[in-house]
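Shown here is one chain on its own, the form predicted alone, set out as structure tokens.
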Amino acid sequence: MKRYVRLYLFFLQFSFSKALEFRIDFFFRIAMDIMYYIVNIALFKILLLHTPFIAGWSDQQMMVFVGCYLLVDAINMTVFSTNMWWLPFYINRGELDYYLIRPVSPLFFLSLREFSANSFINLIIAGCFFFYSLFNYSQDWSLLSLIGLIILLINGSLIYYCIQMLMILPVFWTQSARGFIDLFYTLGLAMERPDRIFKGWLRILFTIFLPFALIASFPARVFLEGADFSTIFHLILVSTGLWLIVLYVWKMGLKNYSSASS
């Protein structure tokens, strides 16, 4: 465990050093993400000018939800996104060999090697809005409920990572440039909507098979409306199942992988 912690600290040091060498790109990405935050907040603010509730949530409650998914998005952009971008190229070019021979988990190395230093600044901004939305929420909440919300959002970040990984891993078989990542970004918009707006088969899709609704909407609902056994059980069951599927598909993909030396 200590070896992995030391290795990740090295990843952080290397990523920050590299990011500061390209300062224009560094500040451009910060500005781009800030615009993304402004657009998302403004969208719901404009909608709430015409209706008092969206999916049963008031203005203050919706801002808590927006703060949740902006925080998860910032975590993904900071920790995983760059690594997910490069993974299909490593597989297609046979460059995965370099990571498979390392004395650490290749999945760990490939998922966490690149830490996006510029997005880290935006993670701080998203975190500030997240806490602002909580302190602006007029209903009482406890430190315990806040800790529970943060744990569920970390779990949501892992769900987001797992879905993204499952959209990339078909590259082992299809040899496409990006796998199904464009489909991931299209369907990923479901994360930015309250889960109650989805009905019928769409609700089944986004809460079980492609559980984008579990990333931010379920954690926000637990915080705003209180936890119940069925919701927590649903989160645990789907999260665990999704992670096991990722591990299985990863192992099957490695068996089908054609290395540069083959």
Partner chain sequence: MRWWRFVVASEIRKILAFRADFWVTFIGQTCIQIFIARSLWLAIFESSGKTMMEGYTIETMTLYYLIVPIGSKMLTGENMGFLSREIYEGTFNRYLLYPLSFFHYKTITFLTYSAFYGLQLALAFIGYQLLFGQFTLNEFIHLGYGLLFFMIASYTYCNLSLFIELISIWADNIWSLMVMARFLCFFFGGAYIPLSFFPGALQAVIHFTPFPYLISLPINAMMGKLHPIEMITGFFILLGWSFIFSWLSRRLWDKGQYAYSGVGI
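Positions refer to the first chain, counted from 1. The model shown is predicted, which means the values in this text are computed figures rather than measured ones.
The same protein also has a form predicted together with the partner chain, omitted here; what follows describes it.
Under a 4.5 angstroms non-hydrogen atom cutoff, the partner chain in the predicted complex lacks Ser230 among its neighbouring residues. Contact check for Leu43: a non-hydrogen atom falls within 4.5 Å of the partner chain in the predicted complex.
Contact annotation: Ile54 falls within 4.5 Å of the partner chain in the predicted complex, judged by heavy atom distances. Among residues of the shown chain, Ile204 is not one whose heavy atoms approach the partner chain to within 4.5 Å in the predicted complex. Out of the listed residues Ser176, Ser145, Ser105, Asn136, Ser176 is the one that sits within 4.5 Å of the partner chain in the predicted complex by at least one heavy atom.
Only one segment in the set 181-189, 153-161, 136-144, 97-105 has residues whose heavy atoms sit within 4.5 Å of the partner chain in the predicted complex; it is 181-189. In the predicted complex, Ala31, Met32, Met35, Tyr36, Val39, Ala42, Leu43, Ile46, Leu47 are the residues of 30-47 with at least one heavy atom within 4.5 Å of the partner chain, listed from first to last.
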